[in-house]
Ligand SMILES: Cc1cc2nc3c(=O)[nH]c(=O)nc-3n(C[C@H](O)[C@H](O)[C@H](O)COP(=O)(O)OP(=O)(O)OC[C@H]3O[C@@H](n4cnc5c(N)ncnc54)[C@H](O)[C@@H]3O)c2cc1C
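The chain that follows stands alone, in the form predicted alone, written as structure tokens.
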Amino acid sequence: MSDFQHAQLDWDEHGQPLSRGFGDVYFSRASGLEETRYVFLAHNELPLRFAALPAGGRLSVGETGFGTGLNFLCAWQLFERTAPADARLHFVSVERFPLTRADLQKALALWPELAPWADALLAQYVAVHPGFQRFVFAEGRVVLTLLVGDVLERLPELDARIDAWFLDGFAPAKNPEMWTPALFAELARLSAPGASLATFTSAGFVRRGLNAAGFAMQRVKGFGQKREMLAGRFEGTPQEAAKPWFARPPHPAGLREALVIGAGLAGCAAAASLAQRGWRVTLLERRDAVAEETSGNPQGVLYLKLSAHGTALSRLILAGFGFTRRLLQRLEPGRDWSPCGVLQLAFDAREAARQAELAAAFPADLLHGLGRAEAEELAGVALDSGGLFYPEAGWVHPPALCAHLAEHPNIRLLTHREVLDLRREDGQWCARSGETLLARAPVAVLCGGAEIARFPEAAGLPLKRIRGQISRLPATATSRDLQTVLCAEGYVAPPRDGEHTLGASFRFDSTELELTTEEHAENLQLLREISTNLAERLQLDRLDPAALDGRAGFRCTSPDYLPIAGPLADAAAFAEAYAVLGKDARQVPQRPCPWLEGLYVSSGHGSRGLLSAPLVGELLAAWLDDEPLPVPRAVAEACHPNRFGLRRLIRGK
């Protein structure tokens, strides 16, 4: 990621962008709009295919060069004008050098007729960093998954079935590294049966390469003065690359209805992602409102604890940060969230070394180091050290985010409904409290943190609870100078509603939720370690820990600190089906996984729920609707519930 950079542009006398690195134009000088409509929309027959989509139907488009987003916006415009009202468009595009927001805005201003769609893209064009970036538009009807990075690094990570390809990018003579057999093989791997493909070039080696990969390509009349271009269809056989225990489960039978247990952030996110796709969701909550338990803190921090080594957790965090950050654009700034930035202080030599490694590994617009003087100026209070600054991060009021997610006409929220029993009966998951049937649906999603272990189907998941307590400190006239979230071993946020949130304690052996004076005192000590100056401004010496207000809750984590997200299998049948792995872990027995039909889980988000839970909602919906996954396949597998069953078999436990 350290070599990541935005596109370097020059602008001609007509205001059109040119790539400085590739010495090529982004679109036809004659008419970029008409070129897109002729080459990519018409020759993939999208006007007819969009109009022919059935009710609730979906079409997936793949693209090899996002550029200015022109192709995406034209496809979206056409889709809105021709497709059924409840159809959905998935657009997956790769871009190694994404435009800055300012350059994108300047380029899109060339096409006033696309302004409604361009404005929607620009409104969400934040936190665009290397990896998978998921955008949701038109209340879920249109989804863009932007893969930021080299095409031959990103496409192999993608799990999708593409119906129509836009083979775009700079001309083969300008960018020969992209037009290769390796790329054509990836297009074939990802193609649905009969997938169409169109490209502006007619180069012979491109046609031959695509034909060799399983496409049947022909030269047809090109756009404008260009004599020829290529168009055709995939005639090969798609290959299932996933191992059976990570393969997509069969689609659940019955109506598109689901029940979600738990209305914290994980449950509200799962419900929202399904509701946007037309599912009718019953959201069951044992308390009297959403976000009454761990998700109910007044301020949560968008805190990116990353690794410089590209771990699955780090890649999930980076993708989740972008998705959550775009989601927050829909909330009220100042009250529901604040993009005030997060400053992770370099409080000792080891932390300073870790931060230096991160600063070298990630783009500066995601994170960058600050000296002490710079950090103090930015924070508004005196500090003992500099640190690592995340300019796009900040704090969130989690209940507001949960309420926003749950406010969808397809979601029915039922409070004071504690599910004590869940059973599969006649193709439906039936949720009961005693003898009372609370809800039933073909699909159930367990989102109640460690409490889901009460259900036998989830009892084997290695979830653990960690108690955390936050303290609420009344802001003073001088503490209001704090301008950004400060983190060390704990965190303190700028004031919301006249209070700072300070925390949070870690208790591995506590099962109680009552506030304790001891943990308030620990939090006050964390604040002194963050900034003695801020502690003085808050008059900590005059505060009685026993008199402080706060909240306590239980983080739910897994042994590897990754969420547990995906379809559940029958544990005993799983162990029997894949017992050979206990003797030879290299075996891949081709036996279908014994899935528990229609049962899914989203749990184990720990202290990173703001970053992971919303994106996991998209991941669950993608599995259920057979859509492109919003994260690399390896990351989805690293979060999969079956990872624990595999480890038990391989380790002989």
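Residue numbers run from 1 along the displayed sequence. Note that the structure is a prediction, hence the values are computed from the model and not measured.
Below, we refer to the form predicted together with the named molecule, which is not included among the displayed structures.
Student: Counting only non-hydrogen atoms and a 4.5 angstroms cut-off, does G606 reach the named molecule in the model of the complex?
Tutor: Taking the distances in the model of the complex, the answer for G606 is yes, it comes within 4.5 Å of the named molecule.
Student: Does any heavy atom of R454 come within 4.5 Å of a heavy atom of the named molecule in the model of the complex?
Tutor: Heavy-atom contact with the named molecule at 4.5 Å: present for R454.
Student: Please tell me whether any heavy atom belonging to A263 falls inside 4.5 Å of a heavy atom of the named molecule, as the geometry stands in the model of the complex.
Tutor: The answer is yes: A263 has a heavy atom within 4.5 Å of the named molecule.
Student: Is there any non-hydrogen atom of G553 lying within 4.5 Å of the named molecule in the model of the complex?
Tutor: The answer is yes: G553 has a heavy atom within 4.5 Å of the named molecule.
Student: Just one of 203-211, 528-536, 464-472, 359-367 has heavy atoms within 4.5 Å of the named molecule in the model of the complex; which?
Tutor: Every other range fails; the passing one is 464-472.
Student: Since exactly one of R248, R286, H404, K226 fits, which has a heavy atom within 4.5 Å of the named molecule in the model of the complex?
Tutor: Of the listed residues, the single hit is R286.
Student: Heavy atom within 4.5 Å of the named molecule in the model of the complex: which of Q276, T145, T484, T294 fits that? Just give me the one.
Tutor: Selected option: T294.
Student: When you measure heavy atoms, are G131, L316 and F323 every one within 4.5 angstroms of the named molecule in the model of the complex?
Tutor: Per the other structure, none of G131, L316 and F323 touch the named molecule.
Student: Considering only 112-128, what residues come within 4.5 Å of the named molecule in the model of the complex, judged by heavy atoms?
Tutor: Contacting residues: none.
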